[in-house]
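Taken one at a time, structure 1 and structure 2 that follow are two forms of one protein chain, written as structure tokens.
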Structure 1
């Protein structure tokens, strides 16, 4: 596993290091304009094209140039790369895009942005903004808000007589099974009911947390530092998902990352998909076989309600950057209201402040943002990154291994949950206990 990860990492690390080296060779003299390097999560061509346009605009406005570095596809590999670069202490990228779950692990490498952005942050969704604050330090400024959503084929739901998307996971299961059987009977042999992200990567933490949080199964580790994961509701939720593998979901789903599920979905080979808001843009792109035949909804609920995992990305300034002033200017520009508004219209990227969701121009281009606005307020569950701090990746890795072993049938869910509970005690030193009543937190 380590070797494969290592091999997969070598290429992206080499590309980034080479880019940095070439820039180093072309270091400007004092009078030449500054060139910043920016390392973000973009692995999608269309999004990075949109980003390049924004960066050109920024250069026109300020004279500061920006070079955008390439990024690996997997969430786990990105963290390895970011750590590798920051750990050298050398002046690598000036600005880093960081996942909302990383601030507790990477805080020491970044400049406190509070003096520059306190006002802007007070206008953002509180749950989003608070993800980037560690010990009162503003580690990054959110520029993109993510939440787990249900994508469904509206045309097929109509054909099979369903008035709307499923309200519960059990309903999703039976609708997916029926539509899958019907489509296969029509000759679509590779059609599946439901695709999602089951690979042993961060996406699985997000998916599995959604299944269990909706059923009163808690947040793995609660806000009050209780390790709650070993409970009957979480165990049942994992068992139900294990049952999907090979029935309503492809056997290979336990190896799917975001791109794999999106490819099956966009090809028209699935009735439902769990994904982030960004998948809307790809699904609705000109030439997409499912264009205008799908819609989005909040994820199905359970006993507690509906829970989409809060995701998203913020921008941080490296402590080793020789150009912190310009780096702050870049972040100010990329998080600016008009720039976020344009991004929302052009590539349907969800903004970070509630006020932007009500702008007529934005709503007209994305009528579905109404739903997102509601989801960010009422149907969201956060991963336990604030409470786990710099131990978060160990916590998440242990959770991923446990859930993955249940999905592949290697372990029973009760055994996996019991072993995980002990492992989390070892990692964090926290106590065991039941889930808190309110795991799904509104603002």
Structure 2
């Protein structure tokens, strides 16, 4: 199924690239403008329309044209395609959008942007900027920030006498159970306390890392290249989540991806949901059963504090690009403060600069950005993608399979953690060690 979808996506993209290559082989006019190709995720229709408008404005300002290429739907399919295009060593897209977990895997294919953007990057949230730095090389410049958040039914919390959202995961568990029981007593037999992403893909890495980092369970692999995942705090966090399956979360939650949890939530069938900032629009859309009846908060915490997994995207210049100067100009434009500000107001895409979160017109259009500002400063945990380098996909896959086996009851948490520890040693060659302090990013 995956390879069928992959072939369907690659064929039209390769046709576009071939046509651009053939155009480049023709003798150019001395006044012919440069055309860049940009390959990035298309998160939704609103964003793609806004991006097209940005590119048109860029062309008006610079005379440089940009062709925006389509991409596969899933992050895994995109990574496969990006690797295949870059691995040919031939001229392809000039600028690539890359996930925050890809720099360590793709660093060799991109230009070091530090000479061009050192000052710009210093004005971003430090944890966001550092996600795109590998071995002191600035692989990409962040243009979109993301973080795991808690969505909650404010109306139901009031009905059941709760003054606010849960501060800890244990509080969430008890609140979710009580609200679920009360709603089911009213006849809502499909109502659940908490929905999240438990399918065996990268979304589970994000969720499980949040559970364990909040309880001082480390970051799977620490910054000093020690494998810390087999520790009592991480094991307890996995055990608690396994207890949720079938109690406060649907039995099928171990197969839920982002859209599955969002569909249950938007239908009004859950009290709490873990998701990304983008879920706000679906929740607040006209006709949504929960419109104006929900709010967002930082994720519940534990011994260490709250930990939302850092997500987001950056822009990188291919080292095979025939137009690196123009490609840098495009990135400078798309990450410019006024462009990010407009994007924040028009499509509510979280910007990467703390300064923009304090602008009255941004906060007026997006009141929840005040919370995001706090989350990016104090409640963020990064996946060990850069420390694992080009081994990160194997690391994440092993972690996913271990946690998933606990959620489904296939393995006990202690057995899964011990086996995972040995597997990560085999994959990376790193030594075992305890979790480091400060897994959660301070400002």
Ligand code: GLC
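Numbering follows the first chain given and starts at 1. Here the rigid core means the biggest group of C-alpha atoms that line up within 1.5 Å when the two forms are laid on top of each other. Computed from a predicted model, the values in this text were never measured in an experiment.
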*Pick one: which is the form predicted alone?*
2
_Pairwise rigid-part agreement between the two structures (residue 93, residue 277)_ = no
_Please report the angle, in degrees, through which the smaller rigid segment swings against the bigger one between the two structures._
12
*After fitting the core, how far does the CA of residue 115 move between the two structures, in Å?*
4.6
